[in-house]
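One chain comes next, on its own, written out as structure tokens in the form predicted on its own.
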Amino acid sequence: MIKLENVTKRFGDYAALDDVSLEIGKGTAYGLLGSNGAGKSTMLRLIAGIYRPDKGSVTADGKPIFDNAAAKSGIFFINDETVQLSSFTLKTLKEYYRGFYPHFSEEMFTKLNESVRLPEKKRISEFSKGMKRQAAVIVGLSCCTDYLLIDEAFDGLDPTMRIIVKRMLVDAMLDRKMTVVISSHNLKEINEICDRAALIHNGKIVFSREIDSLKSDIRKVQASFPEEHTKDDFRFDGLLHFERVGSVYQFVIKGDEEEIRQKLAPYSPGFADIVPLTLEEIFIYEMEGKGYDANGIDGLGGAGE
């Protein structure tokens, strides 16, 4: 697994990550969510061994990553910037990375490129933004590493290419239990691929949860009651949000539907409609429940299409 223990990374006086601890299990599709500047890219560069932590440790399978060629040979990082690829053709890029990754698969490279048909002898500087991202994903998957890190995985891809790249990633995860860590500010994309996600805000982990448990463990309630109430009257566990609009009370509560109805029963509701939340709503209310300003994650949750 990948493990960060009490990691801090500073750039001058600015703490990009502040005392962060996180575990990413083997074979996991893990999403790092957060608005721009939250610390996602810094975390990926620490896991890739590009940055040395100022405090704490970053390990893969128990081995330190920074300045460790053996550990790095099991990790491939796809940067959100592709300027470093500009002087290569797809063919020379393939040969370059073959020298660093002992398990590079020519068969995998050929198979993946057949699905997108990128020109192998054309300079990558002449590729569109989406083609550059496709090239990086093809080479990254062909290196057959245990861990693939992708910063803003689908940036610049049109809807058709998004589907193709997602299929590439899912096939690799199923075929060889590769661990994929994807940073994004796009909840929809994380929801489609990842089974677990962490929300990063101002250099700290707000929470790390299984996405399915997030969806099954939190509900929105609209209810009415024969008597007027204030928030202080509802003293049950798991209340993340409360507001009143006219005679209708709105709650966001942790728990399944039956548990929530049991919590409301003593107040004799005239009606109680219980509905699931979108993933974006869940993240916002989780932040509020932990005392964070939900307005601080502007830009999180775009459709990206």
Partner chain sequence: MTQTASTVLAAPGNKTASPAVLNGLFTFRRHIPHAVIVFLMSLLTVPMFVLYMASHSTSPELDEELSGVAVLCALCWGAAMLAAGTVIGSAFRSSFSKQYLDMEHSLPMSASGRFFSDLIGGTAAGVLPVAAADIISLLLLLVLSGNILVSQHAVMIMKVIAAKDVIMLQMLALLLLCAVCCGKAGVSRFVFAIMLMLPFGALALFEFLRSDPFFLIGVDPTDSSACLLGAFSPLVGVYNIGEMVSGYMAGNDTDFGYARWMVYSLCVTAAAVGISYLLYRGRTAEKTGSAFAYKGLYYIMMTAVCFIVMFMLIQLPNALMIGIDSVSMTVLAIISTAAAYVIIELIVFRSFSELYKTLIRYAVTAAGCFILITVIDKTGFFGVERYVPAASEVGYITLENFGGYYNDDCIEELELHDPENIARVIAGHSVQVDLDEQMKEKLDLADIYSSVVYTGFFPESSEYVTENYVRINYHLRSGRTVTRRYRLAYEALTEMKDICLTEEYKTQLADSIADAFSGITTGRRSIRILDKFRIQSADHYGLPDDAYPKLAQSLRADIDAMTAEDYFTPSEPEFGYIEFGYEYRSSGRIIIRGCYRNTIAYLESIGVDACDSFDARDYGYLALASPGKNAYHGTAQALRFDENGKLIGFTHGVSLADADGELRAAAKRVLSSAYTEYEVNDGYILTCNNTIAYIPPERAADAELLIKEGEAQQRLTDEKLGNYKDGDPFEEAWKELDGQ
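Numbering follows the first chain given and starts at 1. Nothing here was measured: the structure is a model prediction, and the numbers come from that model.
The form predicted in complex with its partner chain exists for this protein as well; it is not shown, and the discussion that follows is about that form.
S.K.: Between the options G49, G238, P269, G56, which residue brings a heavy atom to within 4.5 Å of its partner chain in the predicted complex?
M.R.: Comparing distances to its partner chain in the predicted complex, the residue within 4.5 Å is G49.
S.K.: Can you pick out, from F225, F127, F207, F104, the residue that has a heavy atom within 4.5 Å of its partner chain in the predicted complex?
M.R.: By the 4.5 Å criterion, the partner-contacting residue is F104.
S.K.: Flag R45 as yes or no: does it have a non-hydrogen atom within 4.5 angstroms of any non-hydrogen atom of its partner chain in the predicted complex?
M.R.: R45: contacts its partner chain in the predicted complex.
S.K.: Quick one: is G99 in contact with its partner chain in the predicted complex, heavy atoms, 4.5 Å cut-off?
M.R.: Judged by the heavy-atom cut-off of 4.5 Å, G99 is in contact with its partner chain in the predicted complex.
S.K.: Should D146 be classed as touching its partner chain in the predicted complex when contacts are defined as heavy atoms within 4.5 Å?
M.R.: Result yes; D146 sits at the interface with its partner chain in the predicted complex.
S.K.: Hey, in the predicted complex, does K63 get a heavy atom within 4.5 angstroms of its partner chain?
M.R.: The answer is yes: K63 has a heavy atom within 4.5 Å of its partner chain.
S.K.: Among the candidate stretches 87-95, 180-188, 226-234, 158-166, which one is within 4.5 Å of its partner chain in the predicted complex when only heavy atoms are counted?
M.R.: After filtering at 4.5 Å, what remains is 87-95.
S.K.: Since the partner isn't included here, can you check whether its partner chain sits close to all of V245, F251 and Q262 in the predicted complex (heavy atom within 4.5 Å for each)?
M.R.: The answer is no; none of V245, F251 and Q262 reaches its partner chain.
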